[in-house]
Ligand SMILES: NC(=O)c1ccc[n+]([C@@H]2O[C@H](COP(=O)([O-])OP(=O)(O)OC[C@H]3O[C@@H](n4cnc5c(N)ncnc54)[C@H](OP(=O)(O)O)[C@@H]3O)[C@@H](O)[C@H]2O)c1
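Below sits a lone chain in structure tokens, taken as the form predicted on its own.
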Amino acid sequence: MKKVVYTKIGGPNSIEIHDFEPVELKHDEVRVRIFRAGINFADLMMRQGLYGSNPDFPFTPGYEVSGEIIELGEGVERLEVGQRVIVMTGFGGYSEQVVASTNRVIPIPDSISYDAAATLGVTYGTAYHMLVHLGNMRKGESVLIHHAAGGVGTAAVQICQALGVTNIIGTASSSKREFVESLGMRFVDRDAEDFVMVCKDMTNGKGVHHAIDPVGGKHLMRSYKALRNGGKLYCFGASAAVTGPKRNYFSAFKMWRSTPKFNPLIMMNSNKAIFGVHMGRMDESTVFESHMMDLAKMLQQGKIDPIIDSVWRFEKVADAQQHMHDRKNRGKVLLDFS
């Protein structure tokens, strides 16, 4: 069985493919043959030693996979061999096989492709958890989406539109203008425009109801200022710490140093809320399962349609991650383990 291994802190050249013997199943576990594994920006940060919650090196990354159950452990009742599933692995998903507890395994219908399924866990799950579960987003509200051309960004805009929210502002680099506008967003050039002013101008000076921010650092405060009274800010990343394929200590320190410290007593005056979101660290499996069921239904009904930027053979994982470092992806990037 082959796995992708982060051998040490470094650039994409620190990634290797290793052979491992399959482990024995424990009670209430299943073995899944992997077809697709999702790449998330967090994976790039882990490789650079900037994430803070990954295992010690060497380790295999990968939060989310889609595949087929090939073996059941003792005590497994609700799942079957041959069943198509999503697995929230936490770590270890960049592999030909994974072993997972049944509470991390979600069955999917035959009508959902392995490509689409591999986007639902982190990408769509994060967007749904922020805007719907935490934000209680409603028709007629306004949303600011940063990194609008990325995996979570494209998922968020589709979820917004499925729920009747059309006042959507998306920031990205100038090269992605046409793509972002094709998704139905008001494009904001992140390098040439002030998104706070755009948000105010498009909402009669009030600001947006929701802002999702994967950038971190001082960028968070600007997103906070783009909110209206009662608005909600969701922080789910720190891409400002990553400026290239290799770790940049200065950028990482600058990001952490410039992260604002919000004072709840001051926030009371504007009724704003801030949420930190990390789907890989969610303990409530029932909440996640509910999200997946809702998203699978939306997918089957044609209300969402995952945008797949590219699918790379797992042996080319270093190239796939460099593709993301270069900010070339438009939508989700996947690894093929079939």
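Note that residue numbering follows the sequence shown and begins at 1. Here the structure is a predicted model, which is why all the values come from computation and not from measurement.
We do not show the form predicted together with the named molecule, though everything after this point is about it.
For the candidate set R104, R222, R190, R84, a heavy atom within 4.5 Å of the named molecule in the model of the complex is found for exactly one residue, namely R190. For the residues M279, L295, A37, V30, the 4.5 Å heavy atom test against the named molecule in the model of the complex is passed only by M279. Under a 4.5 angstroms non-hydrogen atom cutoff, the named molecule in the model of the complex lacks G170 among its neighbouring residues.
Proximity of G93 to the named molecule in the model of the complex: non-hydrogen atoms within 4.5 Å are absent; the residue sits far from the partner. Not displayed here, the named molecule is kept clear of V317 by more than 4.5 Å at the level of heavy atoms in the model of the complex. M324 belongs to the set of residues with a heavy atom inside 4.5 Å of the named molecule in the model of the complex.
Stretch 229-237 is the answer when you ask which of 73-81, 229-237, 193-201, 111-119 has residues with heavy atoms within 4.5 Å of the named molecule in the model of the complex. Of all the residues from 143-179, those having a non-hydrogen atom no more than 4.5 Å from the named molecule in the model of the complex are H147, G150, G151, V152, A172, S173, K176.
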